[in-house]
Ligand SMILES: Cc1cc2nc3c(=O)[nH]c(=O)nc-3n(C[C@H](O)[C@H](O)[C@H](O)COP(=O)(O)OP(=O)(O)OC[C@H]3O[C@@H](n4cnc5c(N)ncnc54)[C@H](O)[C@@H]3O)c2cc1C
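Starting off, we have a lone chain in the form predicted alone, written out as structure tokens.
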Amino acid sequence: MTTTERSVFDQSLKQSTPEGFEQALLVIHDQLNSGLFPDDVIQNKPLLIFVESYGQSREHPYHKKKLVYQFASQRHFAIECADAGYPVLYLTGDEHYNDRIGQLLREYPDLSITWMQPLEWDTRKRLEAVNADYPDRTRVLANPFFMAKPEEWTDKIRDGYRMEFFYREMRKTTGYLMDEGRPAGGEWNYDKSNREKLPEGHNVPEIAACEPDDITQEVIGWVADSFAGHFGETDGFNLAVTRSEALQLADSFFKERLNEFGPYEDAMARGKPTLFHSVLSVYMNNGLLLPGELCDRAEAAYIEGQAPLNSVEGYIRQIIGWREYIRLYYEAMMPDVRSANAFGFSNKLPRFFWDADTKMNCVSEAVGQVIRNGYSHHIQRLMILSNIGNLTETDPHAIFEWFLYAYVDASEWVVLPNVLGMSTFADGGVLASKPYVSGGNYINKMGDYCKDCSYSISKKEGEGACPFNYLYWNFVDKQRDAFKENGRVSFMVNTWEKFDPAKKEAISKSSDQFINELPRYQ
């Protein structure tokens, strides 16, 4: 299937041309919600312009399911807009947004184009150049898909303003889980109640699958053929690609999984990649679902006695706390943070990030999930995958790029802060107060990977020892300044210093051997 073979989509879309239009709105692929269109667009229904940029899609080996999701959801949204009375121009090709928009402005001198500010830095800068060339015929509006306004927060975040304090301000501003100016239940954060290991045999509801229609099937076949060398698989694609489907998945989460989301938020279990997580971030990240409507439903579930406070608070915190905060961090720190590398690590990405071929059971399981589904939950991302990358002294930018192309819900604005700020500590502590690394005990405490692993979780160094164990202490030794400066983890350096010399030497030897012999992705 070539890029021009989209017969099912073309037959379904009532396509328009630019002739005769004076006003148009560029709809970017992560702004697929007509309810947030500018008021004059909703009222006047000008030409809507969509761009499928295949050149942009080849800049990284993006997961095939990520590409299917992006193209299928955008195509369905274009059809919905056309059915709602909007004239639609749908452009495809290797050119980027700015190339196609610049071409339209040159060819149609009576046409003016509006767009809502892109989240992605490069797309934003490309379109800013178009705006500079045609200042009288282009209009750039604020991005309406978030709650917090960057201009009110970015200066604070540059100075190290932490997420927890931001989250409390957002609770006060939005009113979520507030009781006469105080947090519901008397506490801002119920993390201490959300660290239970999943009991063996505990029932976990399956997430409903969305059956691909003919339009999506066409995209699946085309992506499998045209992006064959990309990461992951197209087989089994079952994501929602319309708002109505995404709302149905939200319904099932609030009815079936929110109740136990809190206690098992950090748990990990083989064969249960989603556990009680909502898995709705992918839909928030392109506009099919809105953060406010999900928070409203979560709060209503608590008020109506359908879910406990610790589950609801934890879920709302992920949205108005963490999700909002990392977007603001991205706005505050770009573009300089792209080159951040506080530890100076330069090793290439371990090959197992691409093929899951490793005897470390937890890593193999986590990467395997990503290959199949483009998904793993936040603890697997942080405490297994980012952790092993950091402990093996991998270049944080290589880790960042992998997360960017491997996950269906990934965009630079969310991945960059999570990887370069949070998980690898590459920014030197602007976002996180400590390096997020751990030995194998944490993984064993929260998951069930260790009991069938080739390595021994109880062995700390030498042949057969869990690599996380000796790599962690090796990291503490080499990066002791990052630990000494933080009271929460400074005791780990003191613990290392108390090890006898023979144990230290064995840890260093095991670590050097593992890091130096680890196959790397070239």
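The numbering used is simple: start at 1 and walk along the sequence shown. Predicted, not measured: the structure shown is a model, and the values here were computed from it.
What comes next is about the form predicted in complex with this ligand, which does not appear here.
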Contact segment among 101 to 109, 178 to 186, 339 to 347, 370 to 378, judged by heavy atoms lying within 4.5 Å of this ligand in the model of the complex | 370 to 378
Contact with this ligand in the model of the complex, heavy atom within 4.5 Å, among N286, S423, T392, Q74 goes to S423
The one option of V223, L239, A307, A410 with any heavy atom within 4.5 Å of this ligand in the model of the complex is A410
All of N33, R124 and M147 within 4.5 Å of this ligand in the model of the complex, heavy atom check | no
Mark L280 yes when one of its heavy atoms lies within 4.5 Å of a heavy atom of this ligand in the model of the complex, and no otherwise.
-> yes
Give a yes or no for W115: in the model of the complex, does one of its heavy atoms lie within 4.5 Å of a heavy atom belonging to this ligand?
-> no
Is the gap between V415 and this ligand in the model of the complex 4.5 Å or less for some heavy atom pair?
-> yes
Report yes if any heavy atom of Y161 sits within 4.5 Å of a heavy atom of this ligand in the model of the complex; otherwise report no.
-> no
Even though the chain is shown alone, can you say which residues of 304 to 332 have a heavy atom within 4.5 Å of this ligand in the model of the complex?
-> Y315, Q318, I319, W322, R323, I326
